[in-house]
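Only one chain comes next, encoded as structure tokens, the form predicted on its own.
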């Protein structure tokens, strides 16, 4: 059932022993949303904890610094930035996928898997919605909460460069800075800092670069062997995904990545001429108009690359 902001805040104010779920392969928006809500709930005197299906990249460690950990039987479950339950990841999905009481999301293709869903697809990030929810709950922002929300706002807008940015986005960011968000440190960590291992992976990815449709499509392939050779993990791909769309003339950028469990993931970034979410929805995935993803099982990176490129050439670009 779709609910509004007031009802979402009311449900959280009335709940206790709250479990927060973020999506697998966590990014700054899902983690910023989750830890902002966690900090707010703890500040309100409630018991709450957060879990994720995967290991969290150490660059996000500041989000949970100083946050106490509680062990309790959950009475209320809320997901943040999760458009459909399979995005929770296999382990979390199996245990909690059918028990979510409230989903807070900003994806236009949200599958409404929870009992109640507060969704605003016009929002540039889920963290914008968490800002609204926390304010509606009557919880005052502090530097910790503000830094968490700023992280999601900044990362999901490409540091305020993407077309999803609205005047409200900037107004919220200003209020977050006024509340003590460490915006400079966050932006440096998210956009200007790379390990040597990640630079090595980026070089290998560029070596795999292929172009199609007279340069309108660019594709990068990432294998587990490449990650192993560079001594890095899949979290390094956050900096890889935008590379293809940075190439002059490219309208659709594709990153195909080999994952654990016989899976291959696909991330698509598109110009305003094409809808990345529509492309990924054809393969059972989704996301945003300019950035989306999907997943295949039982296929190789080469097979998936061919399948996706052929579909785009024959059905999308034509």
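Numbering follows the first chain given and starts at 1. Predicted model only: the values in this text are computed from it and were never measured.
The protein also exists as the form predicted together with a further copy of the same chain; that form is not presented, and the subsequent description refers to it.
Student: Counting any heavy atom within 4.5 Å as contact, can you tell me which stretch out of 85-93, 227-235, 153-161, 137-145 lines a further copy of the same chain in the predicted bound form?
Tutor: The contacting stretch here is 153-161.
Student: Taking 4.5 Å between heavy atoms as the contact cutoff, choose which of 55, 65, 272, 262 touches a further copy of the same chain in the predicted bound form.
Tutor: Among 55, 65, 272, 262, a heavy atom within 4.5 Å of a further copy of the same chain in the predicted bound form occurs only for 272.
Student: Within 4.5 Å, heavy atoms only, which of 122, 75, 98, 192 is in contact with a further copy of the same chain in the predicted bound form?
Tutor: Contact check passes for 192.
Student: Given that a further copy of the same chain is not shown alongside this chain, does residue 71 nevertheless sit within 4.5 Å of it in the predicted bound form, heavy atom to heavy atom?
Tutor: Heavy-atom contact with a further copy of the same chain at 4.5 Å: absent for residue 71.
Student: Heavy atom to heavy atom, is residue 111 within 4.5 Å of a further copy of the same chain in the predicted bound form?
Tutor: No - in the predicted bound form, heavy atoms of residue 111 and a further copy of the same chain never come within 4.5 Å of each other.
Student: If we define contact as a non-hydrogen atom of the residue within 4.5 angstroms of the partner, is residue 132 a contact of a further copy of the same chain in the predicted bound form?
Tutor: Residue-level check for residue 132: no, no contact with a further copy of the same chain.
Student: I'd like to check something about residue 175: if you look in the predicted bound form, is any of its heavy atoms closer than or equal to 4.5 Å to a heavy atom of a further copy of the same chain?
Tutor: Close contact exists here: in the predicted bound form, residue 175 approaches a further copy of the same chain to within 4.5 Å, heavy atoms only.
Student: Does any residue in 197-212 get within 4.5 Å of a further copy of the same chain in the predicted bound form, counting heavy atoms only, and if so which ones?
Tutor: Contacting residues: 199, 202, 203, 206, 207, 209, 211.
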